[in-house]
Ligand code: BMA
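Given next, in structure tokens, is a single chain: the form predicted alone.
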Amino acid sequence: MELIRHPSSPVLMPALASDWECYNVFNAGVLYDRGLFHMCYRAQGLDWVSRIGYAVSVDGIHWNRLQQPILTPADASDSRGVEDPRLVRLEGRYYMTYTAYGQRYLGEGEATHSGGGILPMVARSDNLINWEKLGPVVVGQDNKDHVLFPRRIGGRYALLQRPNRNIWIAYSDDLRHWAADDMHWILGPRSGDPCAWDSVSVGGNGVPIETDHGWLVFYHGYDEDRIYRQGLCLLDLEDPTRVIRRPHAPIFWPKELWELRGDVPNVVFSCANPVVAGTVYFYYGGADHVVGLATCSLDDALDFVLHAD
């Protein structure tokens, strides 16, 4: 199985007249709600600081975007940018997980330059425009690629994250406090296989998709050549640390010129895989420069993850 690129892709390009999104727009979180596609995307402009913009679409292909960012750096913890948003509607409200890139965060407004400057953050909103920051998931370590599950598991909120190039799960009662002793490893790079496409690093993509067979998770990885590819795995519904299936073959990799060449070459990186009318809309950053779209049917994705080697 291979995801199919949409003929209109890329679907979002830099706005050349803008000072904050004239260089790159990429790594977009997309949510389908009440008949509309909502996109929050990472943008870089003249100062190379990442901000998050907002766009809306009827068909998921043609987008109208706000002229100003909806989330910008606010203090030392995100002074170098806010990055890679992922969106979920959970218990009647919207939530965004994103990465704050700045100095090392110590808490209570204190920060230092001595490492640890990649901070996984959670925010919530009632309208997808105005966001309340709930705080970091962890402090003191570089951690990203974090995304919330769309419902509680065992009565608690659950979140995938990526410390040390592995995929872990964290739990919380209130989305503000995440116990360090209640974070559990799920899967890692296939480092013992020199032919594996995900032999060096793996991380989660968009919101896990709940199916009768388990949580369908799109994830990314790369090898020694740092070529980013995409794969699938299936996790148990009530115990997501149990990996039911993880096919060996990837489902997507760089091919187009704008995926092979850009701000960071050889990258297809996704933060969104909403399902609309049985179709998975797989939005991804192409070479950290533009937003692309590929699709597949949910049935085909499930058939692949259940039966592929």
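Each residue number is its position in the shown sequence, starting from 1. A quick note: this is a predicted structure, and the numbers were derived from the prediction, not measured.
The protein also exists as the form predicted together with this ligand; that form is not presented, and the subsequent description refers to it.
Proximity to this ligand in the predicted bound form, taken as a non-hydrogen atom within 4.5 angstroms, holds for one residue of 63, 281, 54, 269, which is 269. Checked against this ligand in the predicted bound form, the candidates 276, 264, 46, 58 yield a single residue with a heavy atom inside 4.5 Å, and that residue is 264. Residues 9, 229 and 252 are none of them found to lie within 4.5 Å of this ligand in the predicted bound form, as judged by heavy atom distances. Looking at residue 84, you'd find a heavy atom of it within 4.5 angstroms of this ligand in the predicted bound form.
Contact annotation: residue 133 falls outside 4.5 Å of this ligand in the predicted bound form, judged by heavy atom distances. Proximity of residue 288 to this ligand in the predicted bound form falls within the 4.5 Å heavy atom cutoff.
Residue contact check for residue 190: none of its heavy atoms lie within 4.5 Å of this ligand in the predicted bound form. Residue 42 is the only member of 37-53 with a non-hydrogen atom no more than 4.5 angstroms from this ligand in the predicted bound form.
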